[in-house]
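Consider the single chain below, provided in structure tokens and representing the form predicted alone.
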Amino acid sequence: MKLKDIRKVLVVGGGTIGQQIAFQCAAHGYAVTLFDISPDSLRAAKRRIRAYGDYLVAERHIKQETAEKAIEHIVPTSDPGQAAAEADLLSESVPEDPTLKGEVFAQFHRLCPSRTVFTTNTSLLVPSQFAKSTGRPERFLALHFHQPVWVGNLADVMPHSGTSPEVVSLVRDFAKSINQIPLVLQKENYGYVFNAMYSGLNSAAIALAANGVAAVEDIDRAWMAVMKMSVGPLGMLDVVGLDTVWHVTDYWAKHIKDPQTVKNAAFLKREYLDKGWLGVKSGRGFYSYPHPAYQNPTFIHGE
């Protein structure tokens, strides 16, 4: 396959990052199918995608016509057979569980054309953990996006040892075609490049909150004041989604059994997930939205 042969993109997972990937692909001329097992999630995704378009138009990132065409090019479905039909490239964004991801890929391997390239948007896992389950390991690798997709513009392209070099080149070219900066890794690495550094910051910030060392606001103020940033690590995690943050933290807590990581996972679940506080998408996380406290000009001074 060449880049010109990619016409239809299948996005599996209708959460925040799946919505953004779908819009970004559609805005750059690709036909997109957005698959999720939950019809309710797909209805919510349609609303969020339209809101993304309105925001990007208001910020003059794209024209109104481009936003409207992008929305028209996205077809939501909870029918896996319909989703897989004629897919040229699959982008997966389901929860951070290698067993679940393997099952999802195995299902779509049976349904997708043999030409379909499979990619995973996993945040902290590596593709070799479930490459065999895809049924097409030579046509599988990680293509990881950073939120928000249209601002970060960085896409990690991470093959495993069995990925075809031609597929690596194809996915790199695809990332460029949707206005991303492809960063091709030379070997598998948990957390890619940026996330490998960023996850250390996140873990430390969550630990400070879980251990009661300082208030959420003061943890973020410390980072914002010294680094001259407009948002702190906990505010940034609200954008990621605290359910995603918990899935990643809980996965590593169970695998490495580090006491602080276990405590971080329990803290996130008890204080946030169990209350339905998932961050920006639910209207509340570490902060309340749409007007979080850290956006107040006097926040940095403790007012």
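Note that residue numbering begins at 1 and tracks the sequence as displayed. Here the structure is a predicted model, which means the values were calculated and not measured.
Although not depicted, the form predicted together with a small molecule is the subject of the following passage.
- Only one of 179, 211, 147, 164 lies close to the small molecule in the model of the complex, with a heavy atom inside 4.5 Å, and it is 147.
- By the 4.5 Å heavy atom rule, the three marked residues 18, 101 and 122 all count as contacting the small molecule in the model of the complex.
- None of 222-230, 138-146, 199-207, 166-174 except one has non-hydrogen atoms within 4.5 angstroms of the small molecule in the model of the complex; the exception is 138-146.
- Heavy atoms of residue 281 reach within 4.5 Å of the small molecule in the model of the complex, making it an interface residue.
- When the small molecule is considered in the model of the complex, residue 12 lines it closely, a heavy atom lying within 4.5 Å.
- The small molecule is not drawn, but in the model of the complex it has a heavy atom within 4.5 Å of residue 93.
- Although the partner is absent here, residue 261 is not a contact residue: none of its heavy atoms lies within 4.5 angstroms of the small molecule in the model of the complex.
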